[in-house]
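Just one chain follows, in the form predicted alone, and it is written as structure tokens.
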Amino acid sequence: MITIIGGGPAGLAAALAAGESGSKVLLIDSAPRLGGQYWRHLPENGAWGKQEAIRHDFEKGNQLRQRVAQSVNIEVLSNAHVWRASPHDEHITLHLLVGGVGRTIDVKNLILSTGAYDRSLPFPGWDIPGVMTPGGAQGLLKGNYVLPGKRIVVAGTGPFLLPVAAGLAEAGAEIVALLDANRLTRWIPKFHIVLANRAKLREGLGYFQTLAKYKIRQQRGSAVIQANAGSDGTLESVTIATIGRNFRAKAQEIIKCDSLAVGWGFTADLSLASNLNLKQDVLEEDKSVFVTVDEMQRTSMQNVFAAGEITGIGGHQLSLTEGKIAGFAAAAQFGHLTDVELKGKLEPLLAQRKKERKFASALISSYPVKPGWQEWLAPDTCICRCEEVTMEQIQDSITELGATDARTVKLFTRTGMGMCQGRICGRAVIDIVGRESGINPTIQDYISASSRPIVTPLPLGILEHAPHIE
């Protein structure tokens, strides 16, 4: 049997490729229904049925889910949180929390497709109620058709801001500002790559048409550098600034709003990959960490494949392509496809992946996050929200206590030791420590930020009764 963790685009594609090749598949997903963050469902009893209006390619996702449900070779385990993966000589033990009950599964063949989550940068007021990530705002809309506010600012950088703003506007929100820290001119040298990916171009134009319908104009070279609370402690306004190429703030103004959705791209969810000690690397352009794979999506561990955002942020189309490659390659490795059959299936997919990876690379270089954002921070800015560690405390750990890396700062201040285990602040702390100490972070510093022995919060009783974890 081939076990797949993650029911988003990559996981669905991998399950179908392997299952339709004759392999038995177990697809494990933490959500009640398949689709991942990209094809998130409204509640079954939801009254609002026009799901396509807030979901690009919704029908495609629906078709994939139906094919999975109809496959006799695919078993789906939903509401299952894998909180630890323990490697052994002959197998991997997956520790799960299923409906509040602990469970273990031993697997020999594994495909990881654990996806990604929003990358956040700390700034003054980012912990005020009403401030969230674009994924959080879209999650409220897609998952429950709930608006996070009436007057919303969408900010940060990257193309994901467009569908978020368009979806919120379609649902009735007033988008009072749509800000991208980077300028559109960064795309000019790469326009030939856009033309080679016509589907992406059409998708983007569709979002711009929706925004134009609601008279929403995207401001380039602007960013939210502070969120301001009202007398009741919730978000009342944001301070936005024109920023330079290095993200240094220039002219500023205050805009009234009751919700802010701000994000800076995505961070791959590499917790289970780190559990398994899979080889990882750091992309030079943006210091993002990814699982290294070969042409067949094989990782450094025998019988373990990876697909989707954990091999490099690239969007749902690339995730679908990588998932198919991983599924076919796994099925062939376990004897369900001949070499000739595998070659026939992979040839068009490999060409498609090459084109989509070029587009993904163009995205990364067009939406950089420059280090000048750290100049927005004040001494009392909360950097680690779980443990309430401020910028001043981090600075003191360096100047007064001699810390020279993020790990030592963590020991002195408890940054990254709260419930999220550094998922939100870990990358930011590494960058801050590097700047404040004058010592450049190493590749291992960035890789270590994704390492956490327990992947998801769980009751202590589950941990107490779990089998021995190596």
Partner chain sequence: MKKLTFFFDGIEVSAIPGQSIGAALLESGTKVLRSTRIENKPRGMFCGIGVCFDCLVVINGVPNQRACLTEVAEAIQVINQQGSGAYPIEGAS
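Residue numbers count along the first chain shown, from 1. Just so we're clear, the structure is a prediction, and the values are computed from it rather than from any experiment.
The discussion below concerns the form predicted in complex with its partner chain, not included here.
Site residues Gly314, Asn440 and Gln444 are none of them in contact with its partner chain in the predicted complex, judged by any heavy atom within 4.5 Å. Note that among 297 to 305, 194 to 202, 220 to 228, 147 to 155, the stretch whose heavy atoms approach its partner chain to within 4.5 Å in the predicted complex is 147 to 155. In the predicted complex, Arg33 approaches its partner chain with a heavy atom inside 4.5 Å.
Cys420 belongs to the set of residues with a heavy atom inside 4.5 Å of its partner chain in the predicted complex. At the 4.5 Å threshold, heavy atoms of Asn62 stay clear of its partner chain in the predicted complex, well away from it. Within 4.5 Å of any heavy atom of its partner chain in the predicted complex lies no heavy atom of Lys358. Out of the listed residues Pro129, Pro379, Gly344, Gly99, Pro129 is the one that sits within 4.5 Å of its partner chain in the predicted complex by at least one heavy atom. Contact annotation: of the candidates Pro371, Pro189, Gly143, Pro87, the single residue with a non-hydrogen atom within 4.5 angstroms of its partner chain in the predicted complex is Gly143. In sequence order, Cys382, Arg385, Cys386, Glu387, Glu388 are the residues of 368 to 397 having a heavy atom within 4.5 Å of its partner chain in the predicted complex; the partner itself is omitted from this view.
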